[in-house]
Structure formats: structure tokens, C-alpha cells
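Below: one protein chain in two forms, given as C-alpha cells, structure 1 then structure 2.
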Structure 1
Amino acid sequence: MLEWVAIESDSSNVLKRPDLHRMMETTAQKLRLMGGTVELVDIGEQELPNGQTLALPKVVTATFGTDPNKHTVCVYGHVDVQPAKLEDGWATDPYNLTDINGNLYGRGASDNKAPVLAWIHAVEAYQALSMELPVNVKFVIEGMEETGSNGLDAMILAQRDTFFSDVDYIIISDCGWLSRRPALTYGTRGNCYFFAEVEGPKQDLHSGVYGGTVIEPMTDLIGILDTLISPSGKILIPGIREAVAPLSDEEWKMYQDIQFDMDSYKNKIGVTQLMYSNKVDLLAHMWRYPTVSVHGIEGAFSDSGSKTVIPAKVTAKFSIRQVPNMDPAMVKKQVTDYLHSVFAKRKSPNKLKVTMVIGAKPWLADTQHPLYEAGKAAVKRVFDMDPDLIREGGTIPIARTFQDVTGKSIIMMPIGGFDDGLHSQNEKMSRYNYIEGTKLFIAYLNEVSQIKKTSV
């Protein structure tokens, strides 16, 4: 892990692209040395905003075992990371894996290098003990997850009838536990991301000279943004809440049993009050209800100091996290129609343009599926407790792609801790989670091998 974390495989920084290529080659070499059938799949080029093109990092695929009498599992992971600099507030060099009190600190430690390595170590453990793998294991490891997995959807589609043709189950370990109790993840929210642009005068104006004479784009924009959601968190766009799958009694009971401490959650994020005061409501709104978040306004004055400008054109960026049974195309129409109707009531001469730039669907699995039963058995065996069954509030679009393209069943099996600090300063993976997580993966392969062929 020391060697892997040392590679600055930041997929958002084009200057680090050579490091990213080296990361993919390092990953491929590790799997080759274990005797896997390994390929570095070329997924083409990326076009940069300035029109230049840049080679995308190749996707590593590997196969261990091709016994037609065994199940075949495919493990997905990524080895690119979010940006990190010591001066961002890290206590240690983010690219030098540092062990402090049983925690391994470094960028990518938890997201997603240690989980990928834990899966590789699981295969190595069977090899080291001269034991046959109980299932055939395939790997798909990419290097662009943190910036949207460019090229991966097309690659999965292209290899649907080749590499993926004999895959029975897909396992993703790119998430974390909710508490100290191990978890299995069975759902993620989707994401509809919008730009709302209000354009007025042909150039920025001075508020002393023109203030009071023009209808300002910023005032219009803030006015319509304020109609998206109420102070109590209720989404005001017609049709959104009506489309949400109702919360069943069984689901309510599941949320009731989950280990989750409201006070430590508040302390962790540094707030005195949350939107909801009980655990079930909070978890439900984190995982299975949609949310509206306003992320920023482009074109507005945002530097330090005081500038008396009336911006001529401002663009708000906001997103709606999607849940079953919402459809991105319908959400796009609902949001666009609603904002235009609200804007029309203002009788403003300014122009409004609404665009949806991301429309990622949610993903949901059946927790009664044999894949989850095997997961529960493996957690019980390694940790001697039942796992929490949880959902993720964020979006892992690749899960939905795998489901739609391959039609295979998917499980998310996290080993990261709830306090690992993904994407943040001082990201870490505890030694405990890394070692016990590897044992969990070893046990899981054994449990999956016992799923009856008929229940696939």
C-alpha cells in the first residue's frame, strides 16, 4: 500500500496524467505477477476544455480461474484519487503512507486503494495457502472514477459479450461503514445537476451609477433559487415528492435497527442542529428521499474585499439527488418548467436558461438476494455480528451502468471506516479495517461459492 499511495494518481490534474498511467501499469504488474490473465484496455482520449486531447488511463482487467463449474465474480475498483496537498491542512504528507496509532494516513488510502489491494490480497491468500479459489475472480480497475469514469461505460458495453459474458455477480467496495458495525450497502442515490443562467445587461454595471434603474440578474436568480426548497427541507418543485417510492414498514424497521449516533454525527460535521431530530427520519432523508442542494453562483463577485458590481450574467449550480422511482428525464422537465413559471411571475426582462448537465440514475439492490445472504454470513463469520444494511446518499453511477448493461446482480461490500475522511484532509484506513476487511473478502468468496447455481 505504501508504494500505491506514493503514486500521485490525481485524475483531475492533467499534469499528473503520467503518474496516473504509472498507477495503472503498477496495478497491472501486481496482478500479472500473481499469475492472472491481465489486459490494459485502451479506452481512448479525453478532450480538454481548451480543445486539446489527452490519453485516458487504460482500464486494467484481470482473470483468475476459468472453471465453468464455478461462479464467477467481478470486483470493480479504482486507483485514481482526489487532489491533496500538505498545505490543505494535512498533518502528514498525503502521498507518504504514515502509520499513526494503527491508522494508515494517505490520499486514496480508503478511497479506493486499500479496498482494491484487500481484494488482491484475498486472492493472494488462497494462492499462498495453495488452496484453489472457490470461485473464478475477475477484476475491473479504472483510473478516472473521481472525475466521472470517462470511457468506462463504453468499455463495459464493448466487452459485455466477452469479458463480462461469464460473470455471475459484481462486487463494488468503493464506500464505507456507517458506524463501528460492519455494513453491506444496497442502494445509492442518483444525481441530476443543473445550471440556471440569468442574463441581463450586455456588460457588468456599477451599482452606484445603475443601481435602481436596471432589474438585476442576481436578484432574479436568488429569487427563483429560493423557491426550490423550504426552510424545513421540503422540495417545492411539483411532481418530485409524488414520484418517490413510499417508505415501507419493513424499511422503517430496518432503519430503526441501524447503529447510528446522532450526536457524534453532529460533532463530526460541526453543527448544533440537523434537519431532522430522530435517527429514522435523518437516515431516510440521507439515503432514500431526494434533496436539493445549491452549490454556487458563477459570474458573481466572490473575491475578498468589496466591489460594487451588478453582474450582467450569473449562473446558479444546484443538484437534486435522485431516488427510486424518479426518472432523470422527468426531473429535468419538472425543474425546467417550474423555474420558468416562477421566473415568468417576476415579469423580468432578463433571460433565463436552465440546463441539466448530469442525469445519473439511482441504484437499488434486493437485500434478500443470495448475494446479500452470503455477505451477511461472511460478516458473521469474520466479525461475529450481523451487518447493518445501509444505503449511500451519494452517487456511484457505475453500479447502475453495470446493472443496465450486464443485467448481473451487484453487491456493495465496504471495508472503509465511518471516520476515514474520504476526499478530505487526513484520509486514512485503519489497520483493523484493512486486515479484517481482507479476511471478510476471503470469507465472502467462500460463501458465494456455495450459492446454488439455480438461484443465479
Structure 2
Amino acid sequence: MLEWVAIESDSSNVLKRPDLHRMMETTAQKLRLMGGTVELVDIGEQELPNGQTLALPKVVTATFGTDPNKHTVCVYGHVDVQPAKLEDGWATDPYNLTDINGNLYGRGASDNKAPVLAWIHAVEAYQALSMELPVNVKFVIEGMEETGSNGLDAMILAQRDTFFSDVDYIIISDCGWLSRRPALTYGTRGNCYFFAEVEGPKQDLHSGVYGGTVIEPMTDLIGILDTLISPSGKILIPGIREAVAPLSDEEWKMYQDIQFDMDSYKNKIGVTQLMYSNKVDLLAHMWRYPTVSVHGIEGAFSDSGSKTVIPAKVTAKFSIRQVPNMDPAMVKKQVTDYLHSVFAKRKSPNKLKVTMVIGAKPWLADTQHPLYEAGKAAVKRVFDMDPDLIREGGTIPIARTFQDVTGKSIIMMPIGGFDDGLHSQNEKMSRYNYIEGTKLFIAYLNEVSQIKKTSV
């Protein structure tokens, strides 16, 4: 894990693309040395906002066993990471895995390098004990998850009748538990990520010399960003809320029954008040309602200190979490039309450009499926308790694609802790979750092998 975390496989930073390529090669090499049939699949290029193109990281596929009498599971994971810099407030170098009191700190530790490695170790465990794998195991490991799995959809579609043809089940371990209790995840939110660029003067201007004479792009940008969401969390973009599937009584009851401590959640985040004060509303807005987050603004003055500048071109980054029955293509149109309409009311001479750079759909599974029953049994065996059945507020963009393209059943089986700090400073994976998680995967392969062939 030390070696994997040390590779700065940040898929959002084009300057780190060589590291990302190296990460894919390292992953492939590991699987090759284990005797798998490994391929590095070329998925083409990505187009950058400036019109240039850049090679996408290859997708690693691997196969262990081809026995037609066994079930075949396909484990999906990713080895790219979110950006991380020591200056962001990390206690340790984010790319130097550091063990502090049984927690392994490093960017990508929990999201998603350790879970991928835990699956690899599960296969190695069978190999080390000279035991036959109870099911055939395939891997699909990608390197663009953090920026929307660019290129993967097409690759899955292209290999639907080859690599994926004999796959029965797809397993994803790219999420976390809700509490200290193990969990199975049956839904995720999608994500539409937008750039809203306002361009005015041809270069930055001195705010003393020019202030008052020009219509400032920052003022315009702040004005339109302020129309996205109300202080109480109501999304103001027309059509978004109307598309959301209503909360059913069953769902309400299910949420009501989930063990969830609002106070420890508040403490973990470090806030005195949440957006909703009751458990059901909170869980619902975490998992099955959309929200808008403004991540930041590129092109303005963002360093410490003071600078008296009128930034000439500023680009806001914001995203809207997707839930059933929202459609990213429709959301793109709703957001673009809305922002242009509120911008037009300002009568500004500046130019607004709205781009959707990620459009990932939500995903939802049936918790009564044998795949989930097998999951419950494996959790019982390793942890001696029943798992929480939860949804995930974050996005695993590929879950929905797997479902739509291959028609196979999917299970999400997390091993990450509830406090792993994904995408934040001081991301970590505990030794406990890493080791017990590996045991869970070993047990799960065995449980899946018990599923009757007819119930597929």
C-alpha cells in the first residue's frame, strides 16, 4: 500500500498524467505476477477545456479462473485519487503512507487503493493456502473515477460481449460504512459537475485605477452563484426538485430504523448544527435528494495576503448530486438555461460560458437479491453482526453504467471506515478495516459460490 499511495495518481491534474499511467502499469504488473490474465485496455483520449487532447489512463482488466461451472464475479475499483497538498492542512505528507495509532494516512488510502488491494489480497490468500478459488474472479481497475470515469462507459460497452459476457455479478468496494457497524450499500448519488466562466477585461486590472468603471466578472459570478441554492438548502434551479422520486413510506420507515447518531455525526464534522435536525430528513438529504455544492473559483486571487486586483476571467466550480429520477442531460440544460437567464437579467457586457464536465448518473439496487443475501451472510461470518443497509451520498459513476450496459446485478461492499476523510485532508484507512475487510472479501467469494445458478 505504501508503494501505491506514493504514486500521485491525481486524475484531475493533467500535469500528473505520467504518474497516473505509472499507477495503471503498477496495478497491471501486480496482477500479472499473481498469474492473472491481464490486459491494459486503451480507452483513447480526453479533450481538455482548451481544446487539446490527452491520453486517458489505460483500464486494467484481469482474469483469475475460467471454470464454466463456477460463478464469475467482477471486482471494480479505481486507483486514481483526488488532489492533495501538504499545505491544504495535512498532518503528514499525503503521498507518504504514515501509520499513526493503527490508522494508515495517505491520499487514496481509503478511496480506493486499500479496498482494491484488499481484493487482490483476498485472491492471494486462496493462492497462498493452495485453495482453489470458489468463483472465477475478474478485475476492472480504472484511473479516471475521480473525474467522472471518462472513457470507461465506452470500454464496457465495447467489451460487453467479450470480457463481460461470462460475468455474473459485479462487486464495487468504493464507499464506506455509516458507523462502526459494517454496511452493504444499495444506492449512490450521481454527480453533474459544472464550470461557470465569466470573462470580462482582456487582463487583470488594478482595482484602484479601474474600480467603478468596469463591470467586474467576480461580481457577476457571485451574483449568479447566489441563485443556485437557498440558505435552507432549497435548490432554486427550475425543474430539478420536480424530477426527484418522492420519498415512500417504506423508505421513511427504513431510514427511521437505521442506527445513526446525529450528535456523533456533528462531532465528526465539527459543526453545531446540521441542515436538518431529524434523522430521516438528514439521511434522505445525504442519500436520495440532490444538493448543490460550490467548490471554488479559479482565476481570482486565492492566496493569503491582500491583492487589489479585478480578476479578468473567473471560473466557478460547482456540482449537483444526482438522484433518481434526475437525468444528467436534462440537468445540464436546466442549469445552463437558468444561469444564462439570471445572467441576462444583470445586463452585463461580460461573457458567461457554462460547461458540464462530469455527468454521472445515480444507481439503486434491490436489497433482497441473492447477491445481498450472500453479503449479509459474509458480514455475519466475519463480524458476527448484521450489516446496515445504506445508500451512499457520493458517486460511483460506473455502477449505473454496469447496470445499464451489462444487465448484471451489482453489489457495493464497503470496507472503508465512516471517518476515513475521503477527498479531505488526512484521509486514512484503519489497519482493522483493511485486515477485517480482506477477510470479508475472502468469506464473500465463498458465500457467492453458494448462490444457486438458477437464481442468477
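Every residue number counts along structure 1's sequence, beginning with 1. Heads up, when I say rigid core I mean the largest set of C-alphas that superpose within 1.5 Å between the two forms. Computed from a predicted structure; not experimentally measured.
- In this pair, the copy labelled structure 1 belongs to the form predicted alone.
- Once the rigid core is used as the reference frame, the Cα position of S277 differs between structure 1 and structure 2 by 2 Å or more.
- Once both forms are fitted on their rigid core, the CA atom of V214 lies 2 Å or more apart between structure 1 and structure 2.
- The Cα position of S179 differs by less than 2 Å between structure 1 and structure 2 after fitting on the rigid core.
- Superposing the rigid core and comparing between structure 1 and structure 2 gives a CA shift of 9.9 Å at E197.
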